[in-house]
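Structure 1 and structure 2 below are the same protein chain in two forms, each given by itself as C-alpha cells.
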Structure 1
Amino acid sequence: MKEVNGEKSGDTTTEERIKQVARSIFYQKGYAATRTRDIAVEANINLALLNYYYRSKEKLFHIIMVETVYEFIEQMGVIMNEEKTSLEKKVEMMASTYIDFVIKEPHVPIFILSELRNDASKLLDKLPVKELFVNSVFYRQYNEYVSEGKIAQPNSFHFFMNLMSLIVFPFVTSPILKSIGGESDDQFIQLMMERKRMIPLWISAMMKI
C-alpha cells in the first residue's frame, strides 16, 4: 500500500469517505465555490492524498455524478420492469421518484445536459439508458395499450419525451421560473411536490390512457 505524505493510499474506505464528503460540500456550496482543500479538510486527509485518488475537483465531481445517475437509472429500472403494476401506476411512480431524486441531487440535471453537450457518447456508453427503455415491461405495456386502443399515440418515444419533459424541464429552468413567479427555493420545491400528482393526470390526458 503506497503512502502519500505519511498517509496510506489504496484504502477504499478513505476513497469512499472522500466521495461522501465531496458530495455534501458540492451540495452546500455548489461546484464553483467548492475547493479541493475544503474537501480534504472535511475528510480529515491531506490534499496530496485527495489528489492521488481523484487528480482534480472536475474528475471527482464527474465520478460522483456518473455514479449517482447510474444508481438512479437502476432505481427507475425496478419501476419500469415491475410486472404487477399498470402503465398508469408506473407513470405515477416514475414522476414521484424522479422529483424526489432531483430535489435530493440538484446538480444532476445540469450535469447531464453539460455532458451530453460536450460528448454524448462518452456519458451514454456508461449508462444503459436505451436498454432500460426498449427492453422494459413499461415499453411492452405501452405497445399493448396501443394495440388495445387505450392509447392514441403509437410512438412510445413521444410518450417518454412528454413524461421526461414535464418532470425535468422545471428543474433545469428553475432560476428563471423562480424569478418569474417570485418563489423561494422552498416554494419551488413545494410546486414540484405538487407535480407528483399532476403529471400523471396531464400525461393521461395527452396520450388518452
Structure 2
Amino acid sequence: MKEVNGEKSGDTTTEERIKQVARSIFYQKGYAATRTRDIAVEANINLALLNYYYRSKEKLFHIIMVETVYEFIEQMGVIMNEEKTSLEKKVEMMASTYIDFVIKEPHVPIFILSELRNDASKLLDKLPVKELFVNSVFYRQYNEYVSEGKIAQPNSFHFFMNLMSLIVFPFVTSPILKSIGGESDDQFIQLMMERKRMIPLWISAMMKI
C-alpha cells in the first residue's frame, strides 16, 4: 500500500512521513489542539502505526520540538561565528537568512513561542544557548565596538533583542495583519523583502543612540 499510494508519499519512509505531517499540524495548531487522529489521516496511516513508531503523542512532539529549536539556533550559530565578517555584515546576514527561513516556515516562530511560554527551561536547559551567544564572534565584535565608541549602548541585550524583534515580530503578527489590512501573501512577502534591506540600516542608525 505504501508504494501504491504515490500521491504525496514521495520516496520517504513511513516513519519520516508521519513526522513531517505531525510537524506541519503541530506547527499550525499547537500541541494541545492537535489530535493524533488528524496526523494519522493526513499521513495516510492508521493511528496504531503512529504509536508503533513514536510510542506516544508527547514523545513525537518532543522530537519535533527539539529538531525545530535546534535548527533555529544552528543557523544563528553559523552566522554569528564567522571570523571574517564584520558585525554589520552579520546583521545583514541574520536578517536575510531568517527572513528567508520564516517565509518558508511561517508558523515556526509562533509555534516555538507559544509552546515555550510556560516551561521553556525544560527544553532549553539542555541546549547550550547562552554559551553559544557569549562565546560567539558576534558577541566579541559587539563589545569591541562598544570599547571603540562605535556603539553607544553597552548592553548587548538591547542590540540583539532589537534585531530579533525587527526580524521576527512581523511574522507572528501576520495572521492579524492579513485579517486587518486584507493583505495577500504576496504583498506580505514583498514587505518582508523590503525589511531585509532596511533592517541593517535601521540597526545601524540605532547603534549611535
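Rigid core: the largest C-alpha set superposing within 1.5 Å between the two forms. Residues are numbered by position in structure 1's sequence, first residue being 1. As the structure is a computational prediction, the values presented were derived from the model and not from experiment.
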Of structures 1 and 2, select the one representing the form predicted in complex with another copy of the chain. 2
Once you overlay the rigid core, does the Cα of Met164 travel 2 Å or further between structure 1 and structure 2? no
Would you say Asp100 moves between structure 1 and structure 2, meaning its CA shifts by 2 Å or more once the core is fitted? no
With a threshold of 2 Å on the C-alpha, tell me if Ile79 counts as moved between structure 1 and structure 2 once the core is superposed. no
Inter-form CA displacement between structure 1 and structure 2 at Ala32 - rigid core frame, Å: 10.3
Could you state, for a rigid core superposition, the Cα shift of Val66 between structure 1 and structure 2 in Å? 3.2
Mind pulling the C-alpha shift for Asn44 between structure 1 and structure 2, with the rigid core superposed, in Å? 6.1
